[in-house]
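The chain below stands alone and is given in structure tokens; this is the form predicted alone.
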Amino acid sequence: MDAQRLKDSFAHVARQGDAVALFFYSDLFVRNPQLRDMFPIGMSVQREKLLGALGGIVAQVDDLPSLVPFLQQLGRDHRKFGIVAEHYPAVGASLLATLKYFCGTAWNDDLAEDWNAAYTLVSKVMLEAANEDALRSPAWWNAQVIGVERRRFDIAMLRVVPDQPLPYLPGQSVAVETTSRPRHWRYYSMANAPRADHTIDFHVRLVDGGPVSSVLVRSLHVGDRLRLGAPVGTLTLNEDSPRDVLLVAGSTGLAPLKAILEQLARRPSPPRTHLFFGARTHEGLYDLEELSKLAMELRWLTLVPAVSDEPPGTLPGLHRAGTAQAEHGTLPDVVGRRGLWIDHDAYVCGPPVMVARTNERLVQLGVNRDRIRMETFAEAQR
């Protein structure tokens, strides 16, 4: 298997954009019409996910230590769709047909052999992980909504309780499906460390055109039912590290970092921790009052709110927890102004552009890339 030949051919195919995924799913459903019911009626988001997943896999095809864990999570996570062993050859046949079509005259026996070998490896790793996971976990968890708090017109905080315990690590995410949007799954991070009563909090922000977020934010009620996929994610705490901790959260990217903060608070001697919480406007700091109360209780925690599109000023809603002011600027700039952070472990979550710029800013300040954790799996599937 020639890794560079795979990358070059996929780069050529990917330039055809959405047509690639359109061809793939059309071919898959013509050959296997019984599979159509496993997917949502509207396929535009699904097509984007396909290209994103393929791109991620091909980019790591010569880095198996990174690729295999990703594929294992992908295999476990795909159980929620009802995918079983017999589906993998069908997907492989349509994938090869799609690549052959868009490679055109560049397609030859060597390239076909490369892609066949690559898909055989991918499907083998995914299937083995799925089969192993099936021995100890359900394909999904049914859950009931027990609390809905709308902080703004576009942000809601939900509390749900699964029908059976859902084990996860703070910082991880699960895919969520609502009964009113069947077969549409959207990833959300748990906003709390695991509790004895197994309840789970989510922070959800309305996404333009998002079929799941629109329901969760605008019309979900106590008593409604959800389905939750298997926990996934790479934004988890390094429990073996003795270093201090830097948390950088943009908007509802706060959720997994709040879960990590709760995890830290359970330690006998928590590390010194800085939490930067940023938004475009003061109103966007939707959970600041609760965070301010935590900062007053936890002497090892320093909270730094930041806004980028409004001038600095007294923050609304904080008079009960102590008046504070937000710093003005983007999170990468504010974090950079407040220290070097070279002795810290950093955890960053929020809009992709903010995460990428914060990551680069921290590296410029001398933070080792290995000490910066971000979400990779769930973000690739959104």
Partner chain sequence: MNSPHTPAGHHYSTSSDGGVRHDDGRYTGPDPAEPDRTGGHNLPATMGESRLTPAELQSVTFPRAPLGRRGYDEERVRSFLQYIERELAQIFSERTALADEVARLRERLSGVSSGGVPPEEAHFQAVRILSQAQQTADLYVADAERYTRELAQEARQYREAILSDAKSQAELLLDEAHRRASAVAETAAAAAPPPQHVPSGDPSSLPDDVRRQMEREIAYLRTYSEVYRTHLRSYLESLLRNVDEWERSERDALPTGATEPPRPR
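It should be emphasised that the depicted structure is a prediction, and the values quoted were computed from it without experimental measurement. Positions refer to the first chain, counted from 1. Rigid core: the largest C-alpha set superposing within 1.5 Å between the two forms.
We do not show the form predicted together with the partner chain, though everything after this point is about it.
At a distance of at most 4.5 angstroms from the partner chain in the predicted complex, all three residues K100, D154 and R280 contribute at least one non-hydrogen atom. Though the partner is left out of this view, D27 does reach within 4.5 Å of the partner chain in the predicted complex, counting heavy atoms only. When the partner chain is considered in the predicted complex, A129 lies well away from it, no heavy atom lying within 4.5 Å.
For R31, a non-hydrogen atom is located within 4.5 Å of the partner chain in the predicted complex, even though that partner is not displayed. Remark: R47 counts among the residues lining the partner chain in the predicted complex, judged by a heavy atom distance of 4.5 Å or less. With the partner omitted from this view, the residue of A90, A112, A134, A106 that lies near the partner chain in the predicted complex is A134 [heavy atom within 4.5 Å].
Distance criterion of 4.5 Å from any heavy atom to the partner chain in the predicted complex singles out R227 from the list R76, R227, H274, H203. Only one segment in the set 290-298, 235-243, 188-196, 173-181 has any non-hydrogen atom within 4.5 angstroms of the partner chain in the predicted complex, and it is 173-181. Within 4.5 angstroms of the partner chain in the predicted complex, the stretch 77-92 places a non-hydrogen atom from each of R79, G82, V84, taken in sequence order.
Fitting the two forms on the rigid core leaves the C-alpha of E297 displaced by under 2 angstroms between this form and the one not shown. Relative to the superposed rigid core, the position of the CA of A19 differs between this form and the one not shown by 2 Å or more.
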